[in-house]
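The chain below stands alone, shown as structure tokens; this is the form predicted alone.
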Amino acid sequence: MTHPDLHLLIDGRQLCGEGRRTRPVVNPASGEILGEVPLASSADLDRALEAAQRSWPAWRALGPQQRGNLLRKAGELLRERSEAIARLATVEEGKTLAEARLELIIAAETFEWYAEEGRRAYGRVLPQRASGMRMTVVKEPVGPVAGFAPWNFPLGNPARKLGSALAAGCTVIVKAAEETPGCALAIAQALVDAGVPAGVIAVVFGVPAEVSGHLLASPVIRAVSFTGSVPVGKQLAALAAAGMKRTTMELGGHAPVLVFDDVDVEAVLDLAVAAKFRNAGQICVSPTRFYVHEAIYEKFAAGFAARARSWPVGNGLDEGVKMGPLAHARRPQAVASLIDEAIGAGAKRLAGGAPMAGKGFFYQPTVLGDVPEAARIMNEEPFGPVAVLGRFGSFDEAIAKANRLPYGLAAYAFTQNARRVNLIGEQVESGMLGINSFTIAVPEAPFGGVKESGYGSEEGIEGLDACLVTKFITES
């Protein structure tokens, strides 16, 4: 396929190289250079900020129904273009075509859901305190938003940043990932073609520290939405605090999976292996720390390893492939370092554990057994196709293991005991919890974490609220 021209989108204009610094975009399945993405200069960012500020009054005045109509149309355009955009996501990020198609549909659903939810930013009328007095509470758009979207979901992440802000009546500047620029531009182009006015949205690329520092220092930006690592999230939160900017931080995790001894082991394995190796494990909510009851541990470990050894890996465009490459050249070495350290600490290599020969950034689906809690991989998110297994004997031990890290984004548990289900829901510390399911991300539900995994939520009514401020009005 021919790779699309790459550009910045600022104030309705497509800005290409034109003397700007550029960065190569690489196909992770082959190492082929697909194109060069231009990096925004300070002048480009100032132009985006000015356009966002200038366009905001007219956009908020358009009203939620009219804004919703444009979002709905954008969703329709994404569905019409789904195959081409999905193939673009596979080529740029590496995920399988089936995964990319599903992600594109979820991006369309995000626009469609916010098209409706934007009409429900309800306020309320308070009881009178005196005759002739009226007291009301209203919700208003917070103002221009800066959104920072990573590469692992190159369609879904930009759609989240754009959908909630636009529905609320805010203008948006999205700093998208340099690894997957064509995907972010395809999402934005659907909005442009749907009729979103020039200046309301901008898509920029650049050196992350330069772009974030410039945007967050500007008084134009009123809110920040960031998806990424814990260290970078903390840095951006500190920058935002200097200007008292509202922030939504969806940061990293290290999701535990509790597997009790009353489950159908084979059924759980079928779900777990597919969830673990989806997008080569490059998912912030990827199930990683599998704590398995000692009575079924050996059977579970053997079954996981057997499935991993036969899991089809290759170019995501090829028929029958279930796992593609890691997204860029740095990832295989980072994953290998964690695995080697764990094995040195006493973990058992049950499957995989090495890069794959040939072109591209492929890594074997890996399973490690009896991994010591002190190993780095049990404490640092591997962000790769690695499942780490450990044992537990009692319910209290399982909960302690699940909660021992400072992260709390996602967690999972499998049991058929109804009482245990209730206790897990009460005691596991996470922003999202899947019980007998790995499905925890849908447009109508809040997506976010607790502890060092961040605060605030994207999607759901909570995602809309993040782009709204509350005003109390008294009339007499």
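All figures in this text were calculated on a predicted structure; none of them were measured in a lab. In this text, residue numbers run from 1 along the sequence as written.
A second form of this protein, the form predicted in complex with nicotinamide-adenine-dinucleotide (NAD), is not displayed here; the remarks below concern that form.
Although the partner is absent here, Asn152 sits close enough that one of its heavy atoms falls within 4.5 Å of nicotinamide-adenine-dinucleotide (NAD) in the model of the complex.
By the criterion of a heavy atom within 4.5 Å, Glu381 is counted among the residues contacting nicotinamide-adenine-dinucleotide (NAD) in the model of the complex.
nicotinamide-adenine-dinucleotide (NAD) is not drawn, but in the model of the complex it has a heavy atom within 4.5 Å of Leu236. When contacts are judged by a 4.5 Å heavy atom cut-off, Ser212 counts as touching nicotinamide-adenine-dinucleotide (NAD) in the model of the complex. In summary, among the residues Arg289, Lys245, Arg331, His293, the only one with a non-hydrogen atom within 4.5 Å of nicotinamide-adenine-dinucleotide (NAD) in the model of the complex is Arg331.
Between the options Leu251, Ala305, Ile339, Ala115, the residue in contact with nicotinamide-adenine-dinucleotide (NAD) in the model of the complex by a heavy atom within 4.5 angstroms is Leu251. Comparing 217 to 225, 263 to 271, 166 to 174, 142 to 150 against nicotinamide-adenine-dinucleotide (NAD) in the model of the complex, the single stretch with non-hydrogen atoms within 4.5 angstroms of it is 142 to 150. At a distance of at most 4.5 angstroms from nicotinamide-adenine-dinucleotide (NAD) in the model of the complex, none of the three residues Pro406, Glu429 and Ser457 contributes a non-hydrogen atom.
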